[in-house]
Ligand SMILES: NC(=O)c1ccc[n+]([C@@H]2O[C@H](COP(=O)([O-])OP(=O)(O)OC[C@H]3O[C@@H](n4cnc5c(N)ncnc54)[C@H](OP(=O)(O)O)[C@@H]3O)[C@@H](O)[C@H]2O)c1
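The chain below stands alone and is given as structure tokens, in the form predicted alone.
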Amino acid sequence: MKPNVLVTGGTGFTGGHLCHELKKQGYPVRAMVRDVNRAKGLEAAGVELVVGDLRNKASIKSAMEGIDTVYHIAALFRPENVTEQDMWDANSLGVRNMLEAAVEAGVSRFVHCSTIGVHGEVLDPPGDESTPYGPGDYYQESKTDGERIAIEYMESGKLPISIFRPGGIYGPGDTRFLKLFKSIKKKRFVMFGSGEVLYQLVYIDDLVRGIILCGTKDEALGNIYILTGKKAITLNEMVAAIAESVDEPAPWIKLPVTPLYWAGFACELMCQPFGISPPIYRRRVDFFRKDRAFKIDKAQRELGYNPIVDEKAGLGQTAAWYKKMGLL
């Protein structure tokens, strides 16, 4: 009998793909979701649904009953209309609530989803699991704090834990990069800066395989792994690949990035009192400014992690899905 599995964040991109893959592999899967109406696809696939919230200890306790392995994927990811406290409650306090409930329920294994964002900008790329923390915004700070809590439980022996830090997740079903695809398709994209900064993508199918390795391999217990694609690419290379996937020439216009950064700062100051999302903000501008490149040697060596989808193929499949859905 395979262990009973709980996945948080089942209605999200990564959590949803993880639920479907675990079901395919024969695991009994329960998904903790906030809105069951958004989880009809999971229900149709045979995933058990339970309503829960990371801030509600009672709902987590109920979701954890009879569970052997927890994949904690849920997080509040960079919405601009939430407070810093909202982000902290989900990504830090929520981790502690999950871990406490797992200990009480006698869970035998806990897999925590962090982010390569805990490292912030990598000053001497490529980084690895030992690269110092350097969060650059409150999303990354909250995720760093959540990871530290998981490490505290791991090192104290309270719970068998594995932690993974994914790169830039993409693939069919995700809309996070849709604006970028659209701007290139409509010939509105402008590169700010040189375009030579490094970015590391991970295709959703590759990532899900890595996550399941973290939840099944004995070597993963007590360890932290970076899960990304095999290599980083420059923004110029990424944009050119997207342009090819949407049958457009690669954009060529480049402008200085520093004025855009300070414009973002000004927009944040003006929009914050009104509780509205700024049209430009510094975290998005960091996409053009900060290197994010990592080695995956540890995951390859210890887990047998082997991402197989390269960026050109993956971006092409993502574009094809956008077109099929009428989004592009």
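All residue numbers are counted from 1 along the displayed sequence. Model, not experiment: these values are computed from the prediction.
What comes next is about the form predicted together with the ligand, which is not displayed.
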Interface stretch in the predicted complex with the ligand - options 160 to 168, 240 to 248, 185 to 193, 213 to 221, non-hydrogen atom within 4.5 Å: 160 to 168
The single option of 114, 97, 140, 131 touching the ligand in the predicted complex, heavy atom within 4.5 Å: 114
I'd like to check something about residue 176: if you look in the predicted complex, is any of its heavy atoms closer than or equal to 4.5 Å to a heavy atom of the ligand? yes
The ligand contact in the predicted complex: residue 40, any heavy atom under 4.5 Å: no
Can you work out whether residue 14 and the ligand are in contact in the predicted complex, taking contact to mean some heavy atom pair no more than 4.5 Å apart? yes
Proximity of residue 88 to the ligand in the predicted complex, heavy atoms at 4.5 Å: no
